[in-house]
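The chain that follows stands alone, in the form predicted on its own, written as structure tokens.
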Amino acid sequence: MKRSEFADPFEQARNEQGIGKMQDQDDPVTMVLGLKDVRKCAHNWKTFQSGAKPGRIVVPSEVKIRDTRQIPFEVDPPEHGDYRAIVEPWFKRPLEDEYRTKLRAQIESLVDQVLTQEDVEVVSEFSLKLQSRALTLLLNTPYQESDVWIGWGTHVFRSEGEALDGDKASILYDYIDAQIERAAENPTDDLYSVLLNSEINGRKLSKEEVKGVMILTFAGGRDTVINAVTNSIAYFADHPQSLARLRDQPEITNRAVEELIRYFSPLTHMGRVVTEDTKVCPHGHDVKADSRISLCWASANRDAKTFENPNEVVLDRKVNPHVAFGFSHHNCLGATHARQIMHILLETLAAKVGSIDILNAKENIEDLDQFKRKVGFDSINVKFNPR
């Protein structure tokens, strides 16, 4: 079995029951598995809400480590739209030429560096660095701040052996608090300052609201981007012909990005809190008010009812309505940034790298009670070979 093969542990349950079950800190979760059902539940924000107790819609739940509401992630319409109107133009900046030029310079520099090394641990020495450095562009903050974020490691809410770590999470919260105070006293053109100067419904955003946006920005795109980058490198190590194909057919790069995101689904699922007794999926499974469901993106993205050959990477897949960036009102705010990272990375690898050798790897397996899902790698050592 190739290192980059990710099995679908949800297939049987998706086809036979339409749901799965898991326990999460005495707050059990009903996992919705089919693509059609996931999209339907995601769109029905009145019955399946995001604006519950802060941290509860995340799986594993973060209610024990934070009481700040992530914005606009944990807010439902119509307020969700009001907040999103403030931040969405900022998060669309990766479409600008100047932004892409700076991002390309960062990625090319990192690829040039690893091409000189005999052994590169991709998670910590490549993906984490790439994600952190790119985040300086998204925040419009000094490049050297990335060294601080790299020092936090790959997870901001967990440490070795711990699903959640309140002490480690406090490092992020304290950092954001300090940056907000700095921006309040000495405004610049960074995201903190822009948010502090933004208005919603005729009033300025509060520091707590700004903190909510920033926590989402730091935490929401960290593990996911790291997983997407790392898993894609593993794929091209196993499939050097695909790297050559991108070099010969650059016009399929956008499709390749979407397909890699679909196949690897860097975020397994996201929760919602049920507001009334109802049913999910065609099999009619009951869920009770104030219970939790999860929208299992990883399962939905392998649904054979929609995707032909769902367990294969088809680089030029033409019909690809994946939900790896979420769906409906709460689709991922950072999707434009992530897509630009992946697009430029694929172009750079195709131009500069001839092949990639995997030296050793340790898989990252999520324990979801009924399911065990490979989400990426705890570590993977490779050698990048230049063209």
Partner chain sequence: MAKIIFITSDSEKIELEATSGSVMELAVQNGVQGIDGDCGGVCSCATCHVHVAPEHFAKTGPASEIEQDMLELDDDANEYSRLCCQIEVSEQLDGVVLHVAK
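Residue numbers count along the first chain shown, from 1. Computed from a predicted model, the values in this text were never measured in an experiment.
Below, we turn to the form predicted in complex with its partner chain, even though it does not appear here.
Residues of just one listed stretch (320 to 328, 351 to 359, 24 to 32, 46 to 54) have heavy atoms within 4.5 Å of its partner chain in the predicted bound form: 320 to 328.
Using a 4.5 angstroms limit between non-hydrogen atoms, residue 285 is distant from its partner chain in the predicted bound form. Within this chain, residue 39 lines the site of its partner chain in the predicted bound form, having a heavy atom no more than 4.5 Å away.
Residue contact with its partner chain in the predicted bound form: residue 69 places no heavy atom within 4.5 Å of it. At a distance threshold of 4.5 angstroms between non-hydrogen atoms, residue 258 is in contact with its partner chain in the predicted bound form.
Of the listed positions (278, 306, 188, 198), a single one reaches within 4.5 angstroms of its partner chain by any non-hydrogen atom in the predicted bound form, namely 306. Proximity to its partner chain in the predicted bound form, defined as a heavy atom within 4.5 Å, singles out one entry of 242, 311, 254, 113, which is 254.
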